[in-house]
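There is one chain below, alone, in structure tokens, taken in the form predicted alone.
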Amino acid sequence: MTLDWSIVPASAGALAHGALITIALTVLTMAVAVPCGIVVALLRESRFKPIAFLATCFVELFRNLPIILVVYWAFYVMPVVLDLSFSPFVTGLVALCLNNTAYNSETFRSGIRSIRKGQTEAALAMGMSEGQAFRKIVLPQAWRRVLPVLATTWVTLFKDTSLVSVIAVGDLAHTAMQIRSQSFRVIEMLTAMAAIYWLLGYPQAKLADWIHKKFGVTE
């Protein structure tokens, strides 16, 4: 067996572009899934039962489906059933957002429920509205409590973005596999892809560890 590692530096530009797409997918997904997760969490706590029921259905659907199945459904089924079609990048982004919104909503719901009701009652007694009490009292404390979980979700999402490669999104995984199929340098490209994912993912994992130590609530 002869290895030719020159394929890696020769493909550095394409691999770097794929890595940027992977990072962009991660950032954009969390930018959408965090505020949407808060909204869905609030809808699940709604006093209006039909709204709470629909929000629960959304969470239980997308939380319990494999991401790759959501990706396939968004790419192949949605254009036929809903007459909606997007570029592979946007389709992959939509699938990732749906899945992570469902998970983030449960994260925020747990954080909100962990705040003692007495604090909200005290805020109301001081003349605040329910909205003001939530924004100024409950949400800041809940955010601190869920931040470590969101950091872990970020790290997991960074790796899960590789699943959108199945619909030809030009992320790191898809780019590396394309180069592999064209050059027949399987070991070299798979090793390079693993190394790049690790080099990008390890600092994120250590940052998540730091956030756990800094903001983790032990009570």
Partner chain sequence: MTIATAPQTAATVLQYRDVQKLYGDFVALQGVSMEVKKQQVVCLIGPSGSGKSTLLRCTNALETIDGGEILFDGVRLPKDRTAIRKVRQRMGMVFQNFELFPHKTAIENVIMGPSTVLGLSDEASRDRAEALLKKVGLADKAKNYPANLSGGQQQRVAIARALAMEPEVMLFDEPTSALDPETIGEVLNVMKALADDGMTMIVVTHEMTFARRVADHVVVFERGEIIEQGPPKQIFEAPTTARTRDFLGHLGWDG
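Residue numbers count along the first chain shown, from 1. This structure is a prediction, so every number in the text was calculated from the model and none was measured.
Keep in mind that the form predicted together with its partner chain is missing from the display, and what follows is about it.
Residues Ala122, Met128 and Pro140 are all found to lie within 4.5 Å of its partner chain in the model of the complex, as judged by heavy atom distances. Taking the partner from elsewhere, Ser85 is found to have every heavy atom lying beyond 4.5 Å of its partner chain in the model of the complex. Contact check for Arg113: no non-hydrogen atom falls within 4.5 Å of its partner chain in the model of the complex.
Mapping the unseen interface onto this chain, Arg47 counts among the residues with a heavy atom inside 4.5 Å of its partner chain in the model of the complex. Contact with its partner chain, judged by heavy atoms within 4.5 Å in the model of the complex, is confined among 103-111, 131-139, 87-95, 71-79 to 131-139.
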